[in-house]
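In the block that follows, a single chain appears as structure tokens, in the form predicted alone.
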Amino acid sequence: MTLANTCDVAIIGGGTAGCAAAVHLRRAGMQVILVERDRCGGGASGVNFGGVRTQGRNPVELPLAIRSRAIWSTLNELLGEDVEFDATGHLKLARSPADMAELEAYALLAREAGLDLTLIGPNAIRAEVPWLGAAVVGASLAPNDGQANPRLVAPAYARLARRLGVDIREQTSVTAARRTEHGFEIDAASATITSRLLINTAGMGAAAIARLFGEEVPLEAMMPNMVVTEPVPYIATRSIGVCGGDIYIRQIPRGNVIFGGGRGGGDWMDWRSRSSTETTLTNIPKLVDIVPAFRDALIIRSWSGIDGLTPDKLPVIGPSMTTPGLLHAFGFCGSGFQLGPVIGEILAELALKGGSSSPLDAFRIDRFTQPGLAAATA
């Protein structure tokens, strides 16, 4: 079969955001070609912690996170598959009075954005969460947050996109892209794809795509360090983060404990990442301090991935400032898993309507090159 190489929208990158955008655009009647260097969901979308978290985000991200959380409630129905989403709630733990003061201040900011958090003081924390260790002096609970299986979500979106008629080309690298009189040309493998619009959701490779159109983003490769244990008795019924962000923990009903923190290593130019034994050994005592019952759990696997980190730790989301018809969504700084479904919706809104119902000024791509813009949009 000969593939058609002309479409309404070309998408570079098959993570959750790119595949979700493809679904929404196809449902609106657009012809879509999605190009992915590896396999859909094989990048940052599929190798992260799996937290579906609104709590702890930069306040400018909260409207997006709250909107995305509503999508997660019906995601299995939308995709026609179980992605193991579980609204366990998310505890952010304080390990000192200063941490508790930080949680209290954040709860006020979150409430202004529409996110209600429950503060749990030092007396109540033992009664409500008896499996926490003595290092914990309080917490903030986001009861509607939760967790899901990151290995399932983007591939499920990709399968739905294919069923709807999206042309998905995996293991296909983009070697060049350019603006033409009528839209875009994208050189991918042995084909040149022509499209009216172009969406850049290429993860760590997205900065190189943006550079082709004269837009510079100082993107640093971050490689989170992740570990999973053998199944142990299921007691940690909440997903856990901490003030300072140095460790995060969740347990799934079959008993495996997933925890992470710090960085792995590797070379993103070769798309290779690896976990760090030193980082893992540093994280184990922190895990045991927070949940002592996990002391004897055996580690069965560790891994890392590659995500893009921006200087202000906020993603790039929105239209190009140099090239009409080009849209960007990348640089999610290790926190993009929860946002993926709504980013797909937003990209479709931008492509179809030229604007979004969600505020995007803080995520403009030119904030890194326009003096004063970052402070003004934040």
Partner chain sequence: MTLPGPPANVRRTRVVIIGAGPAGVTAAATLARHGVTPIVIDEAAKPGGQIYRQPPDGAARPPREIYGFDAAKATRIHGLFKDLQSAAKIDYRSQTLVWNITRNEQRFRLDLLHNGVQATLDADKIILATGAVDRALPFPGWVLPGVFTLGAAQIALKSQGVAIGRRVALIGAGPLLPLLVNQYLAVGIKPVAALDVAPFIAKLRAFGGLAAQPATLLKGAYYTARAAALGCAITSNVRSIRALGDSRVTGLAYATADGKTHEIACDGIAASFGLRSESQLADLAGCRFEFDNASRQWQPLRDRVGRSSVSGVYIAGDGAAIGGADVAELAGEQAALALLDDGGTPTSVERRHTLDRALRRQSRFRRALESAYPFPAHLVANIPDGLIICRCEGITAGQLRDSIARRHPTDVNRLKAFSRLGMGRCQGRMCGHVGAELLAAHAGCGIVEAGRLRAQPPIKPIPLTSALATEVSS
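Since this is a predicted model, take the numbers as computed values, not measurements. Positions refer to the first chain, counted from 1.
The same protein has a further form, the form predicted together with its partner chain, not shown here; the description that follows concerns it.
Although the partner is absent here, residue 313 is not a contact residue: none of its heavy atoms lies within 4.5 angstroms of its partner chain in the model of the complex. In the model of the complex, no heavy atom of residue 72 sits within 4.5 Å of its partner chain. Using a 4.5 Å cutoff between non-hydrogen atoms, residue 246 does not count as a contact of its partner chain in the model of the complex. Looking at residue 67, you'd find every heavy atom of it more than 4.5 angstroms from its partner chain in the model of the complex. Of the residues given (179, 295, 196, 263), 295 alone sits with a heavy atom within 4.5 Å of its partner chain in the model of the complex. Only one of 111, 301, 211, 126 lies close to its partner chain in the model of the complex, with a heavy atom inside 4.5 Å, and it is 301. Contact with its partner chain in the model of the complex, judged as any non-hydrogen atom within 4.5 angstroms, is confined among 136 to 144, 115 to 123, 272 to 280, 214 to 222 to 272 to 280. Along 134 to 148, a non-hydrogen atom within 4.5 Å of its partner chain in the model of the complex is carried by no residue at all.
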